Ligand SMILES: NC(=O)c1ccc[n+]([C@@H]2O[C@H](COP(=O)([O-])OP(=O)(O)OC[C@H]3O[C@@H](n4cnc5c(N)ncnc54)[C@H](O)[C@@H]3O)[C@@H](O)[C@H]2O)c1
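In the block that follows, a single chain appears as structure tokens, in the form predicted on its own.
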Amino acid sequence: MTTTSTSRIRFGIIGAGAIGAIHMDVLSKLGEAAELRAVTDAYLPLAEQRAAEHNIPIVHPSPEALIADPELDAIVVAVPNQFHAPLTIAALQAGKHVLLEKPMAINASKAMEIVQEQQRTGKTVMIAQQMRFTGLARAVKAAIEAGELGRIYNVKTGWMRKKGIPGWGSWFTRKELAGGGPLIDIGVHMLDLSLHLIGSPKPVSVFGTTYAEFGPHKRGTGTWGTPNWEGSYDVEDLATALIKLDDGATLSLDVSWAAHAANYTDQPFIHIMGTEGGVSIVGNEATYITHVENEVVTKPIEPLDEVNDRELVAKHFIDAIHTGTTPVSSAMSGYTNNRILDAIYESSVSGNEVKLNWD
């Protein structure tokens, strides 16, 4: 099916949980740009509840039925990580565009399968990395592109939650369904945003280690997700890594769901260091730092605007469909993130540095 620049994109959503509901809220507010037509979920009563809440006319009995619906142009995939690749590939093969929740896939090989199918079909695939679209992130990106930091050579990023293991015993804490713990859950956000801000250099080597010191003992649980105390926990609850980039810069990453991390806030952070200046982002605040006549000078960075980041994600996705352009958080960017995550897990097992070849 072809669309024009003025046609409304008709959406179906696979996954009626918390993230799926966020997408429904956003799409229902886009007026003539989007039409929310269908939803499905492994637990159909939840899909029916969401349909009633958002005036969605069709509840399909399965993802396969939704993907086959000829009245849909695009599909949002908001399900456990294990199912990202098969559902996205099936949707592409059915002629649908896909807005895919992070991480792109459970591992890099599955992510590459998506890339290959996207290239074969020519349909739009966008990873819903909403942190790129905040007013603060866009302001920092503009400052970097204006040359205010000079050559960037070191980045420190992370998200150190002290008590926040989601849905203990559910898919969140099962490697076969999630692919990992905080590294693939929130670490992917920080990797993606950091690389995006500094111009998307390629990672060339990775050294990392993961730990599970809280989850196996049912400690450090948070409020997100529904726990299943009869379930299992076989993922990490803390990961640390050093990533070397092809432009000579280094990026260090520290993430946790639970940790005795006294001097960290529970907010995401990025500290970017360049030859002419630096930027520190902590939560919803950012600071620029430089030296003037050998004196340290700092100033706050103001967000560009207060537009909802997820609304910008949806609008950018729709615009990419209409124009045939590659979205900023493309399939290849998602694949790059998955390769780094895989390398960290591999390095943790082997104890060795992992080289990444991009030929």
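Here the structure is a predicted model, which means the values were calculated and not measured. The numbering used is simple: start at 1 and walk along the sequence shown.
Below, we refer to the form predicted together with the ligand, which is not included among the displayed structures.
In the predicted complex, E101 approaches the ligand with a heavy atom inside 4.5 Å.
Proximity of P327 to the ligand in the predicted complex: non-hydrogen atoms within 4.5 Å are absent; the residue sits far from the partner. Within this chain, A68 is remote from the site of the ligand in the predicted complex, having no heavy atom within 4.5 Å.
Residue contact with the ligand in the predicted complex: G12 places no heavy atom within 4.5 Å of it. The chain is drawn here without the ligand; in the predicted complex, the stretch among 298-306, 36-44, 317-325, 330-338 whose residues come within 4.5 Å of it by any heavy atom is 36-44. Only one of the listed residues (A78, L72, L251, V235) places a non-hydrogen atom within 4.5 angstroms of the ligand in the predicted complex, and that residue is A78. Of the residues in 123-139, those that come within 4.5 Å of the ligand in the predicted complex through at least one heavy atom are, in sequence order, A128, Q130.
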